[in-house]
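Below sits a lone chain in structure tokens, taken as the form predicted on its own.
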Amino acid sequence: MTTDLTPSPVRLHAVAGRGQPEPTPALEQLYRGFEQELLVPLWTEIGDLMPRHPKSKAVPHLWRWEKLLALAAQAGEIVPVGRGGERRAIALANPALGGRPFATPTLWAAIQYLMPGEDAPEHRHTQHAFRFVVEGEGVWTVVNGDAVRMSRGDFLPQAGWNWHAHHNAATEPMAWIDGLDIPFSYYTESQFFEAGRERVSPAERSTAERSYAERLWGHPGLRPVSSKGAQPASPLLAYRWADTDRALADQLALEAEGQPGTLSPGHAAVRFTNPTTGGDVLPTMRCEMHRVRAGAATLVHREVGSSVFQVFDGSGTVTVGERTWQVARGDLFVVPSWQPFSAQASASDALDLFRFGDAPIFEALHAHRAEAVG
């Protein structure tokens, strides 16, 4: 049995219009010739290929944390973790991306759930990744043999092609958010994956308070002289919530004292960076933490490239394009490329937002653009 791999031609039609040739039998004959040779003239496609501004295939969408967590817990009772499935991770699927498990055309976001005593097996992949913990503790991620504690508010980057496994040493399940550049790798056809050892050593299942990476790299403003030069991704495997919280609180305190430091009035923000370069923590993803003081609002902003946000704490209102939602702890939402975004904290609570986006890709291509709106 053979399979016909000949592509189906794009059907072209002569249509009168501005910038279009006059429909004639000769033009129809020309178009049939294009179809036969699998050719498409630019003049029939320029509107889609070169619009006046980005028009994302993704749409703004919100996922409620309480619903995600309930479904993940149900999966924890039914779906095992082991070789084959590798992870009990449940991806956000943007409703406009054809059922693919992609939050945006370049970004993957998923809730991962690990039951007490469970081990997620060791593997590695070329996709860059991180873990962000919105609640719980008791899981250690083991990266190249280095056991790294995971607790609420911690941000844990994972550069591509590093061995990693997870172990829940607690008596309760734990959930966190995974972020990866899987869609970008998928569309660029650049992905590799390799399964690791069936079991990690007992030493790697330790529950040390501080990992090797933190002891070497976790000192603000200091780097070991023994280290290599610039590295493409951060060698620090855990950015602790206590440090992030202090940085945000200090920005808002300086503002209250009349000193500069915030992004805009009432809006503090920090970026997770690579200590060897000062640049983004991962080559393809920009990761930040934002705090909006109670009753304050961010500027309305849009940029080339997409982002995923998770509410870490507090409550408020967010507007993406023409959609507006009331949000609370754990909720996730998508901001597609060139869609205006703003957030306002409730009158009683500061609003803490974790954000990751694909800006480093577009900056590397000299295609990034951002602006305040209105």
Ligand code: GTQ
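The structure displayed is predicted, hence computed values, not measured ones. Residue positions are given as counts along the sequence shown, with the first one as 1.
Just so you know, the form predicted together with 2,5-dihydroxybenzoic acid (GTQ) exists too; it's not on screen, but the next bit is about it.
Asker: Choose from 282-290, 163-171, 72-80, 212-220 the stretch whose residues reach within 4.5 Å of 2,5-dihydroxybenzoic acid (GTQ) in the predicted bound form, heavy atoms counted.
Answerer: Heavy atoms within 4.5 Å of 2,5-dihydroxybenzoic acid (GTQ) in the predicted bound form occur in 163-171.
Asker: Spell out, yes or no, whether the shortest heavy atom distance between residue 204 and 2,5-dihydroxybenzoic acid (GTQ) in the predicted bound form is within 4.5 Å.
Answerer: No, residue 204 sits far enough from 2,5-dihydroxybenzoic acid (GTQ) in the predicted bound form that none of its heavy atoms falls within 4.5 Å.
Asker: Could you confirm whether residue 112 comes within 4.5 Å of 2,5-dihydroxybenzoic acid (GTQ) in the predicted bound form, counting heavy atoms only?
Answerer: Yes, residue 112 is a contact residue.
Asker: Within 4.5 Å, heavy atoms only: does residue 178 come near 2,5-dihydroxybenzoic acid (GTQ) in the predicted bound form?
Answerer: Taking the distances in the predicted bound form, the answer for residue 178 is yes, it comes within 4.5 Å of 2,5-dihydroxybenzoic acid (GTQ).
Asker: My question is simply whether residue 184 lines the interface with 2,5-dihydroxybenzoic acid (GTQ) in the predicted bound form - judged by any non-hydrogen atom within 4.5 Å.
Answerer: Answer no; every heavy atom of residue 184 is more than 4.5 Å from 2,5-dihydroxybenzoic acid (GTQ) in the predicted bound form.
Asker: Going by heavy atom distances of 4.5 angstroms or less, which of 302, 149, 125, 267 would be at the interface with 2,5-dihydroxybenzoic acid (GTQ) in the predicted bound form?
Answerer: Here the answer is residue option 125.
Asker: Considering non-hydrogen atoms and a 4.5 Å limit, which listed residue (89, 143, 248, 236) is close to 2,5-dihydroxybenzoic acid (GTQ) in the predicted bound form?
Answerer: Filtering the options by heavy-atom distance leaves 89.
Asker: Taking 2,5-dihydroxybenzoic acid (GTQ) in the predicted bound form, which residues of 222-257 have any heavy atom within 4.5 Å of it?
Answerer: Read in sequence order, no residue approaches 2,5-dihydroxybenzoic acid (GTQ) (within 4.5 Å, in the predicted bound form).
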